[in-house]
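Given next, in structure tokens, is a single chain: the form predicted alone.
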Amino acid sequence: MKVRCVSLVAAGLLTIAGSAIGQPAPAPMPAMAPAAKPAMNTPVDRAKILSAPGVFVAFSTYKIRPDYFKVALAERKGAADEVMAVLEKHKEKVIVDAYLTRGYEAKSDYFLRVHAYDAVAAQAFLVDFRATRFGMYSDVTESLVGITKALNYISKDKSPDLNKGLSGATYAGDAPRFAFMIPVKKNADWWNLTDEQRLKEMETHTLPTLPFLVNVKRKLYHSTGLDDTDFITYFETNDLGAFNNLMLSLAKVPENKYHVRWGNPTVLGTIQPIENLVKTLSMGN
């Protein structure tokens, strides 16, 4: 009987995969194409993360220690490649902007702005950055964190006319070369105002800023409870005179009397690709 079954299989009259005895064996199934692999190492979408609410940001200013320039020149020449490798490792989770402050600031040589959807991802990048040769010789002189939020006051619902002015203003200057980071902290009187009172103050605050939005870009980060400040204000411009006039306008609004910190520090830097920044600060002393 065993021999008989073998001969039937060989003749194609008996199948083992559930076909009836005496039926021809089914044709072999065509091979399936392998599933497409998801794209790997896709960088964070810059435009999307810079416009989304709920994004974590870390600002940190750094001063390079003088003994960095005792490191062999060959090692310092390789510092940029090492930093770029860290950026490549983390590019799926963070975006990093760099600014040269040497020559403008006494307490720093550069600062970084790191955005991430997850605070842990920003922290992981900064830990790896500090482990590079360049990072190990960079002392942190200021560190601030915050998050992005939708408009609290000058929204379509609460202040439609001013919101229209804000949304309709478009930066029209040359590509910005300069960036400012200015922390702001309010006093208890501010937080004890009613929502309606704070809205009135912010409308008065916003109105004189509108003429400057064509040549000054701005972004606001919220820090209350996350850091020892309430807001981090960030600006980009190619027109320092216009920025100075914007700050004078803001200094004159009544809402300014609620500030217990405005600046301290005010950090000015030139916008730089991080690779160029590391090379510049690694070659000079």
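Residue numbers run from 1 along the displayed sequence. Computed from a predicted structure; not experimentally measured.
Just so it is clear, the following notes concern the form predicted in complex with a further copy of the same chain, a form of the same protein that is not shown.
Which listed residue (86, 182, 202, 162) meets the criterion of a heavy atom within 4.5 Å of a further copy of the same chain in the model of the complex? By the 4.5 Å heavy-atom cutoff, the listed residue in contact is 182.
158, 198, 113, 93 - the one with a heavy atom within 4.5 Å of a further copy of the same chain in the model of the complex: Only one listed residue qualifies here, and that residue is 198.
Does any part of residue 58 reach within 4.5 Å of a further copy of the same chain in the model of the complex? Heavy atoms only, please. Yes, residue 58 lies within 4.5 Å of a further copy of the same chain in the model of the complex.
Residue-level contact is defined here as any heavy atom of the residue lying within 4.5 Å of a further copy of the same chain in the model of the complex; does residue 234 satisfy this criterion? Answer no; every heavy atom of residue 234 is more than 4.5 Å from a further copy of the same chain in the model of the complex.
Check whether residue 100 has any heavy atom within 4.5 Å of a heavy atom of a further copy of the same chain in the model of the complex, and answer yes or no. Residue 100: contacts a further copy of the same chain in the model of the complex.
With the cut-off set at 4.5 Å between non-hydrogen atoms, does residue 118 touch a further copy of the same chain in the model of the complex? Residue 118 belongs to the contact set for a further copy of the same chain.
So which residues in 245-259, when you check a further copy of the same chain in the model of the complex, have a heavy atom no farther than 4.5 Å from it? Sequence-ordered list: 245, 247, 248, 251, 252, 253, 254, 256, 257.
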